[in-house]
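This document opens with one chain alone, in structure tokens, the form predicted on its own.
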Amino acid sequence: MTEKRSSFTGKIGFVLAAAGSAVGLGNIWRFPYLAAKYGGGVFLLVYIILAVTFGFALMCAEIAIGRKTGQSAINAFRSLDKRFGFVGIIASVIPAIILPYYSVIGGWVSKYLFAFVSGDATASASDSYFTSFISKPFEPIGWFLIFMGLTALVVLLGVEKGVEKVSKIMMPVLVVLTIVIAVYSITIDGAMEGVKYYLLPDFSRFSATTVLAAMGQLFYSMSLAMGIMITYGSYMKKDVSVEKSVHQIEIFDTGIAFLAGLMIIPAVFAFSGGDEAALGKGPSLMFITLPKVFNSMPAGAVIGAAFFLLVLFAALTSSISLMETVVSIVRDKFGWGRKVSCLAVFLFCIVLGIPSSLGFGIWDFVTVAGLSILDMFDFVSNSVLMPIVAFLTCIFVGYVIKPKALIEEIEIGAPFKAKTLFTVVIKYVAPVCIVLILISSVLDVLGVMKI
């Protein structure tokens, strides 16, 4: 006998859990460095426009598919049209690839939080601290297992007692911490130049790559095209408005990304004397540049500890949604209970996560097209599979089941005011944009085109 499908208790629980999924490492470190790299204020403006059009339509579609079918991604597409069952399979693979390596990075965040809390803040600001840590064989794996264990514990407790309850606590704390650190950041001497760069659009910096970078970030940031929103939609009650919920999720997600930029860009500007290059890219920003910034501040250890607590919360809310999605897929596919499914997913993540960790140390000789093991998983999931799933979802909704099928589902809870925008974006705008993202991402990693 299969267990009754879980559900969120109401609108607030759904919105906070879905927003928690969307708000993650992509908002806290990826958004600020992309904003710095692609024109500051003009990138911010383009991102917001895309979020309320492109992102809105895709998120509405995924949530509506989940609620209409009551299934996770692996069965949702097939239940609407058997010919498109393969889309659900591809979508289900994505969170299973992302969760292990994401949890490795979550372990790095846990280590840095411990360093700042335990009085090791000055040491963490040295140039060699990060590379020395991730190249060790055992310590990073230990922190990875701690992070993975925390994630599994919440998912084991279920949708209401685990995912929803933790999201209701973590999301408000995350918002407060972000605001506090952002306010502190802009008061640092020399920070206002960074604030101007970040908030005032300079259209001379605008280019096609700005748009492509913003669209790529949108997938990463809003948990699109990886089965998460379909799974969460399947837990959503029929009397909850899909349209209003998506608007609120976008406000949370974009708001945290905006505040993260306000928190990081001015502080790094002040620390570097206005050098944009100091914002770096990827791990170097969060694990090398920012500890130096905190170490140079009055009460830097406290601010640094608060920052890494914030990043840990953001990472956990996303890893919980990733694991919940994979567990839901396993349950729907094999009919297993939550406990057995959680254990199976946990063991799978350990098997895949350990090589990702060792790829920076004793297995650093293992590369694919010049990419480390972790970077290879990241490229395949984020730059290849996610755009493919998003494109196929648009074709499926726009031309197979037709937008009307989902508009009717969305209008069960309340009138769908943006149905014309939804239809135009899904049928005509999104497919073209997604193909451009896929092409540019692949060319970028091949070194043919740098965006």
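Bear in mind that the values here come from a model prediction, so they are computed numbers and not experimental data. The first residue of the sequence shown is number 1, and the count goes up from there.
The same protein has a further form, the form predicted in complex with 4-fluoro-L-phenylalanine (PFF), not shown here; the description that follows concerns it.
- The stretch in contact with 4-fluoro-L-phenylalanine (PFF) in the predicted bound form, judged by heavy atoms within 4.5 Å, is 224-232, chosen from 237-245, 170-178, 365-373, 224-232.
- Residue contact check for Ser103: none of its heavy atoms lie within 4.5 Å of 4-fluoro-L-phenylalanine (PFF) in the predicted bound form.
- Contact between Leu310 and 4-fluoro-L-phenylalanine (PFF) in the predicted bound form is not found at the 4.5 Å heavy atom cutoff.
- Although the partner is absent here, Ser318 lies within 4.5 Å of 4-fluoro-L-phenylalanine (PFF) in the predicted bound form, judged by heavy atoms.
- Using a 4.5 angstroms limit between non-hydrogen atoms, Ile437 is distant from 4-fluoro-L-phenylalanine (PFF) in the predicted bound form.
- Residue Gly26 is the only one of Gly40, Gly413, Gly26, Pro403 with a heavy atom lying within 4.5 Å of 4-fluoro-L-phenylalanine (PFF) in the predicted bound form.
- Between 4-fluoro-L-phenylalanine (PFF) and the residues Phe77, Phe294, Tyr220, Phe144, the one pair within 4.5 Å by heavy atoms in the predicted bound form involves Tyr220.
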